[in-house]
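Heads up, the chain below is alone and in the form predicted alone; it's given as structure tokens.
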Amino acid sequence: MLGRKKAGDICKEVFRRAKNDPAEVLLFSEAQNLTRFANNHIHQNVAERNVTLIMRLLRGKRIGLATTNRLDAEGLDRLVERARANAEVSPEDPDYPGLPEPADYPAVQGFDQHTADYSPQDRAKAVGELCRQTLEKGLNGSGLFSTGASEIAIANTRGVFAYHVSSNADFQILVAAEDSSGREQGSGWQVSKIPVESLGQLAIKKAQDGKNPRNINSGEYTVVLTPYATEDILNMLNYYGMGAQAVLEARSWMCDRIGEKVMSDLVDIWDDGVDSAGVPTPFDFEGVPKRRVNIVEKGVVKGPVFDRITATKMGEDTTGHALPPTMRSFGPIATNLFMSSGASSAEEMIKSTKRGLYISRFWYTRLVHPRDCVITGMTRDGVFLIENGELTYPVKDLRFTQSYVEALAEVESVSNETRLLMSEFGGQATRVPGLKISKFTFTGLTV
């Protein structure tokens, strides 16, 4: 890790080379470690150390972008030269509101030294024991266990300097039998809070219980979803409509629904980059402070998240959701999503279901229609028929086509436990519960 002082010194060196041109610097340093396993054996252990420096240089409304991994004098010289040259040939951006001003940032706890120092031997010990168990049971275990730390610094020539250091851990396991599988995941910034052993046991049990799945008819079912399926619902709603750019372009599921009650009273969704129950970062990629943003409150759509460009266009205040410059064409998105827990256990949701399906996970989901967030996809890693409040037998995977907005309108109960899950997309983290939904449409078998 570079540390706050050295990160600040590097930013100052870039600005010195920029001379009188307004400029912004994003410095990202990471130390990531990964153990992969497949066929009940660890087959890969890798470690990556990298520093990325991204610069934006302004010539009026013209913006030049350049990136480097070199922090020596020559590397910084070339970075500024490329950024200036790119600005000179770039078209003007009439929507750019200029560089943000300095701000105060809330203190957040998101770094754990034990997680940052977690060794390959530590990861191998946990993974090796699970591989031994899957082998003994005639199953095939695969997955990954990653740990690491990162730091981000954002500065500009108006005086902004924001710095944050964080740790991260993610464990994923897939246990496969001949005709069934089980998958579990745990994420967070404290590796000690990820129950690797129990997650492995759950995946093993699900693979064993799912053997010899049967066919069932397509149609509308009551479903009990694990947090993995709920995560997909929130992520799709996020990618296709929680950002203000999607609203501006009239392609969001929020369009014509802001202020309207379109989901169940039990549905509360928000984004909060300073809550340590997620994976917090107290500012966005322009150095604007983050704050809690209520997106859906008791089923009522409250509104999208904003970056500075979309906020200016819509006459709103930014909520601190600018993406990195290399991804800014996507517009703002929520990166620290939460959905409120409820009062029911997973067992109680199953017990209260006369006939339905227990769904472990959605997979290969794709957008069909943006305005209602209609998604098509498949179930995976364990589907079980519920009859008279009990799981009776496993069923074959199903394809569905369903509006996620309408699905959340049919939420009957929410689990009292939530799970934090990290995505590979921009470090996004989502804390979600399980759900019972009274109506969910399946269109056929996947095979």
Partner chain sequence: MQTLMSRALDLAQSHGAQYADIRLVENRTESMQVKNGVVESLNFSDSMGFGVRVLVNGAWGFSSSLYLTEEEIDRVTKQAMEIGRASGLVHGEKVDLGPPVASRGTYLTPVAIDPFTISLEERLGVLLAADAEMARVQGVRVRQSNLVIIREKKWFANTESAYTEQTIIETGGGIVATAVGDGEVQSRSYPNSFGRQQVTGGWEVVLKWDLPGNSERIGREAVALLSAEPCPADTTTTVILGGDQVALQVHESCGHPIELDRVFGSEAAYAGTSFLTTEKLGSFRYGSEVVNITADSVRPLGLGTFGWDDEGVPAQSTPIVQNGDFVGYLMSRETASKLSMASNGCMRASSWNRIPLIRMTNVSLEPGEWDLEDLIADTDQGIYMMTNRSWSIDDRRYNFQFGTEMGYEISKGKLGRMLRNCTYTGITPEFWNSCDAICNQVHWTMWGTPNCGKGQPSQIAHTGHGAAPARFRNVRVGVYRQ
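Computed from a predicted model, the values in this text were never measured in an experiment. Residue numbers count along the first chain shown, from 1.
The discussion below concerns the form predicted in complex with its partner chain, not included here.
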If you check in the predicted bound form, is residue 80 within 4.5 Å of its partner chain, heavy atoms only? no
Does the 4.5 Å heavy atom contact test between residue 245 and its partner chain in the predicted bound form come out positive? yes
Close approach of residue 213 to its partner chain in the predicted bound form, 4.5 Å, heavy atom: no
Taking its partner chain as it sits in the predicted bound form, is residue 198 near enough to touch it, meaning that at least one heavy atom pair lies within 4.5 angstroms? no
Heavy atom within 4.5 Å of its partner chain in the predicted bound form - the one residue of 190, 157, 376, 340 that qualifies: 376
Looking at 392, 416, 401, 388, which has any heavy atom no more than 4.5 Å from its partner chain in the predicted bound form? 401
Name the stretch, out of 350-358, 274-282, 84-92, 158-166, where some heavy atom lies within 4.5 Å of its partner chain in the predicted bound form. 84-92
Is its partner chain in the predicted bound form near all of 114, 139 and 229, within 4.5 Å of a heavy atom of each? no
Partner contacts for 150-184, taking its partner chain in the predicted bound form and a 4.5 Å heavy atom cut-off: 172, 174, 183
